[in-house]
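Presented below, as structure tokens, is a lone chain in the form predicted on its own.
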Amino acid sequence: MKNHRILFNLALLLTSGLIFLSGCGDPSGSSGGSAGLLADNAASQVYVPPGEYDEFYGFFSGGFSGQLSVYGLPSGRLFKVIPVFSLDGEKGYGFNEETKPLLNTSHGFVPWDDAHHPELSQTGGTTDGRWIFINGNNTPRVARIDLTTFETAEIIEIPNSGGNHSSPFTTENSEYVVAGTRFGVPYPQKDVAINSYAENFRAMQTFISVDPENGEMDIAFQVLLPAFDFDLSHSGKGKSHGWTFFTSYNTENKHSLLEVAASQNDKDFIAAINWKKAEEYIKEGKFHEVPANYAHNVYNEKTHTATSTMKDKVKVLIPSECPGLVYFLPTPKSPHGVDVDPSGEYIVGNGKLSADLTVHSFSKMLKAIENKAFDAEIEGIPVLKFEEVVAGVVKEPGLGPLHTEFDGKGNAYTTFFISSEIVKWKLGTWEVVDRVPCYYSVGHLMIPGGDSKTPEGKYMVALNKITKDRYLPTGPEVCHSAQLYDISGEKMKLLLDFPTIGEPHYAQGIPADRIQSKSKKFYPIEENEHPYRAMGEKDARVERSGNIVHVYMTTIRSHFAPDNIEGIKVGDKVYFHVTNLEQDYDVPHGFAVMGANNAELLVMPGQTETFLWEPKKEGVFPFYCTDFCSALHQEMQGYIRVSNQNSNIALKWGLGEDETIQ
């Protein structure tokens, strides 16, 4: 009787599970159906047991949040949000004196941007885990994040550009990251009538060199192009290494109601730029040195401080003066993504308004160039004959094709925004072999290494724009979403939904072991070269020069030194230079002052950061550690006494019973 009841209850649970799962639809998402809903067991495929690690890091752009977020795959767990272009009160980024210079531009301090496309550094066409780059779309910028610290190390502004969208895709060995302009702007920038667009506006493609040792960026050269809207880009690999490809739309050169006006031509273009040829022209001096005004901001890991340098010129190449530099490949109208397969032979440029997928051949492109198979010339740039460069066509695969990535097994995967699906097709035969629905309106997709020479064809992530009915409602705005698919077999299987930060556009994935072993644990205190460091409590002090006060403060579990300060006056500018003396992994300390008009500091072990406080009224104000650090964390606090502006109270600071008077 007891066994019968156990079996009955088990059957009831299984039935309930089946009913629940069937209400969600086929969890595999495959058009081929399922051998049994419980047989697939998607939950077990994404479950990472306590104490174990994810197999991949996933780096997701934050879109209008201006940040970059880090997830584990396959779990979908959020590990970190890396502040890049936007202020971050959690870490004091953009608030502390050390990181403020990173957000400097020719327009002044710009504490926000629209971050679309993360791109991992590569060596030999394989992601190497050293750095990840991301674009600022609004105020044209490119940032480099150091993957030993997961912190922004550098931001460079892009002059002569408007809307830095087709960016910052790397070349095979990270020789360059590219930055293509989305919006044509007057060149040189000046006050002109908008309806003089065709005459006065141009587009600029920028090639940013990357130092192979330290990653530092510099604008190597720019290429002046017609004022089309350049949408996305990818650099060649293998046989096409040395070329970069940019999609364009608005080849009509219109400036209003582009949804209609920029959809008139039957074909737009992929611009193929031979950057090795560009290097030759630069060496020969066939460039124009053009005045420019742009910021180059670099964080120094020894001084723990960023500096901003304004630069005043760039080298510009003009295609009509540089034969062989640029060619246009006709592509069905309004293409968005452009993607290059692992061999470097196939260039996929999908026209959003086309019923088919058109794939170009790099070999045929070279042959067409050799044979001068040109249809026309635009501002000195040859337009190759369409039929001479096409490798094949995927017939009627879906509606609204956007982006393609590859699994390294001869398959390509393309997102379709309108029909909300991902379609798998064969390179070379162009046949559709599978399709899965996405929920909903998928934009980019990501396969770890999927835009490199060595894809990791195990998982695929869809980055979706709409999530109605997928999550609990949260007011008028619902979270954006990613969906994880298993692509290790013939059929794609949906494994997991997980919410994302901001509006993710693109993502990059990399095996964890390429980063994990190189992750920095702490900053060695003996290497701290910050000009206001305190190397121990013996260095803790307070100094005044006029109304400028410098507090050299240390923090260690579980107290500040000094923790009592008197003699501060209303109107003073008080700089708290806080050095975290810890030399242990994952022991940051926080610092916050009551009434401050900025944010906290979050200081890593061995690091120094600076907090500016300008007291506006008299009183005694507490400060404390904001990051739980020990059992006596609550006791980690202190006081600052602020007197009136004309006070003659001496500057005094102390720790415990010991006091120093200046």
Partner chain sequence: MKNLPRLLMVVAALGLLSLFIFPMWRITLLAPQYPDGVTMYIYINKLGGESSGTLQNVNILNHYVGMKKIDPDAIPELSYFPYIVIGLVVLGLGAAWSNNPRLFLAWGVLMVLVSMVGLYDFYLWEYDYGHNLSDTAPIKIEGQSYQPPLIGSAKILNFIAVSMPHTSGWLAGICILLSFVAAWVSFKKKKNESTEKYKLDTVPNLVD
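Numbering follows the first chain given and starts at 1. None of the values given here were measured: they were computed from a predicted structure.
Absent from the display: the form predicted together with its partner chain. The rest refers to it.
Student: Would you please decide whether E582 lies within 4.5 angstroms of its partner chain in the predicted complex, comparing each non-hydrogen atom pair?
Tutor: The answer is yes: E582 has a heavy atom within 4.5 Å of its partner chain.
Student: Does any heavy atom of I556 come within 4.5 Å of a heavy atom of its partner chain in the predicted complex?
Tutor: Because a heavy atom of I556 falls inside 4.5 Å of its partner chain in the predicted complex, the answer is yes.
Student: Classify K521 as contacting or not contacting its partner chain in the predicted complex by the rule of any non-hydrogen atom within 4.5 angstroms, answering yes or no.
Tutor: Yes - in the predicted complex, heavy atoms of K521 and its partner chain come within 4.5 Å of each other.
Student: Contact between A631 and its partner chain in the predicted complex at 4.5 Å, heavy atoms?
Tutor: A631: contacts its partner chain in the predicted complex.
Student: Can you say which of 200 to 208, 109 to 117, 455 to 463, 557 to 565 gets within 4.5 Å of its partner chain in the predicted complex, counting heavy atoms only?
Tutor: Every other range fails; the passing one is 557 to 565.
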